[in-house]
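This document starts with one chain, in the form predicted alone, laid out as structure tokens.
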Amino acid sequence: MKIGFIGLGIMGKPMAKNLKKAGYNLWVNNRSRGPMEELANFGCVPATQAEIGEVCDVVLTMLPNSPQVREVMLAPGGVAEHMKPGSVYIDMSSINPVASREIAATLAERGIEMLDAPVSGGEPKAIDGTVSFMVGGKQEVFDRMKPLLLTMGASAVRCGEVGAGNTAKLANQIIVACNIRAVAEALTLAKMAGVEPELVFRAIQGGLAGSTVLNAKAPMMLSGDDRPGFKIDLHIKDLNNVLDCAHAVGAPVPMTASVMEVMQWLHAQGKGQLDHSAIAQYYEALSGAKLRE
């Protein structure tokens, strides 16, 4: 099976490496040359998007948002024009589920199957191959592609037809954003009440408040490590998609709207490229209490 991978960013590059480690023949493309050259040294084949469409049986994308996915796949001369009927397109980007369904409908006219398969886990899990896939698409296509996905992730769950994967990802991003904010707020309270936040973290992580988010993000807040595993600006993009989708279907999302305002403030302060755990810096600005030593 020949695999094409387009989008070698924070998540895409380590995921592509895991595919290559698993023994797949991999053609890669990225807007900038550096990641392509790095993957070439890893045994992958640098290629144009047209070449990927012509050569590959399966095309994977990991791109920032809906406009980039549309451009790569559907623009004149885009990848879809070069793909063979019967080939499969898997979009691992986090985009609006409405866009996923529209792209799938256009590809179906060309005889191309599509899965939307966004991931959760951030850069560390992309590196160690334990991301979680939330997938939308036909059961038969999912069953055929699941072994491929599991070379990059620890789980892959089909949530329904195309668009369901990105709907699940929007739900994931609501929970992650609100959880990170709650962690920052709670640790700031502890600090201002004269209790060591590190000890509070250790005390609560084994109880009902314990979570993957708490374990991943509290240590970053406490150490001042704001290197991006997942950038604030990317989370803003996802929450914009949440709000768009929620408005379209009439779903109430007041918590999402609130945490979005916090992230927008951080973006305005020039912190959009920091990890989303930098929400703690919003509370630092409000309170003057520093979690970071």
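Start at 1 and count along the sequence shown; that's the residue number. The structure presented is a predicted model; accordingly, all values stated were derived computationally and were not measured.
Only in words, not in the display: the form predicted together with a further copy of the same chain, which the text now covers.
- Contact with a further copy of the same chain in the predicted complex, defined as a heavy atom within 4.5 Å, holds for exactly one of I112, M73, M220, V176, namely V176.
- Checking M83, A104, I90, A164 against a further copy of the same chain in the predicted complex, a heavy atom within 4.5 Å turns up for just one residue: A164.
- Heavy atoms within 4.5 Å of a further copy of the same chain in the predicted complex map, among the stretches 255 to 263, 49 to 57, 35 to 43, 64 to 72, onto 255 to 263 alone.
- When contacts are defined as a non-hydrogen atom within 4.5 Å, all of A171, L199 and L286 contact a further copy of the same chain in the predicted complex.
- Among heavy atoms of A108, none comes within 4.5 Å of a further copy of the same chain in the predicted complex.
- Residue contact check for C245: one or more of its heavy atoms lie within 4.5 Å of a further copy of the same chain in the predicted complex.
- By the criterion of a heavy atom within 4.5 Å, M134 is counted among the residues contacting a further copy of the same chain in the predicted complex.
- Although the partner is absent here, N96 is not a contact residue: none of its heavy atoms lies within 4.5 angstroms of a further copy of the same chain in the predicted complex.
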